[in-house]
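Just the one chain here, laid out as structure tokens, in the form predicted on its own.
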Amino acid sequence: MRKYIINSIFFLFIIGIIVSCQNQETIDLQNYMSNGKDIYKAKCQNCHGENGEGLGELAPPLTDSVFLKTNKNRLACFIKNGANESLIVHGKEYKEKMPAFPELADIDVAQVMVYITNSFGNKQGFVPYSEVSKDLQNCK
């Protein structure tokens, strides 16, 4: 019995070490996803839907990985400054303007962007705050 308890403690100790050995990017991704989800619920969900399905003819869905990948360097600008141009998503044109959220800090934009690009069937990985900040400086 004593041997079983010692082996169990050792096994749990090894599992604890393995689980805690996440790299910094994985930890950042988890934090960004959590915070980004809260921002999405507060700012984006009313138009884009709980599951990113969009709102009929008014707001495009966020389930189109091709659009998100193709426009990845513009997503931060869309989130912070809104969009006044028509967008084609899933082959459908959306002409409604997207409101700007100038009150969001760059880190908030990065977090909601990571959430969107890794939810709703999208799997685009981590986007660091520094890259999003650079993209925001290049907005037209």
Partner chain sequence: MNKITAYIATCLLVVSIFTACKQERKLPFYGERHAETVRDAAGIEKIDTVYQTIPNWSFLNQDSIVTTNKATDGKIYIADFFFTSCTTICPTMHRNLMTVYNEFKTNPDVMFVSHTIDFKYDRPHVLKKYAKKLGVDGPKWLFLYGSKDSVYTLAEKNYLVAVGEDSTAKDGYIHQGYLVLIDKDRRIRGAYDGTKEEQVEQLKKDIPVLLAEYKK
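As the structure is a prediction and not an experimental result, all values here were calculated from the model. Residue numbers count along the first chain shown, from 1.
What comes next is about the form predicted together with its partner chain, which is not displayed.
Among the candidate stretches 93-101, 31-39, 68-76, 109-117, which one is within 4.5 Å of its partner chain in the predicted bound form when only heavy atoms are counted?
After filtering at 4.5 Å, what remains is 93-101.
In the predicted bound form, does residue 82 come within 4.5 Å of its partner chain, counting heavy atoms only?
Flag for residue 82 set to no.
Indicate whether its partner chain has at least one heavy atom within 4.5 Å of a heavy atom of residue 86 in the predicted bound form.
No.
Heavy atom of residue 105 within 4.5 Å of its partner chain in the predicted bound form
Looking in the predicted bound form, residue contacts with its partner chain do not include residue 105, since no heavy atom lies within 4.5 Å.
I'd like to know whether residue 54 contacts its partner chain in the predicted bound form, with contact meaning heavy atoms within 4.5 angstroms.
Because a heavy atom of residue 54 falls inside 4.5 Å of its partner chain in the predicted bound form, the answer is yes.
Residues 128, 130 and 136 all lining its partner chain in the predicted bound form, heavy atom within 4.5 Å
Not a single residue of the candidate spot has a heavy atom within 4.5 Å of its partner chain in the predicted bound form.
For 123-140: residues with a non-hydrogen atom within 4.5 angstroms of its partner chain in the predicted bound form?
The stretch 123-140, when checked against its partner chain in the predicted bound form, contributes no residue at the 4.5 Å heavy-atom cut-off.
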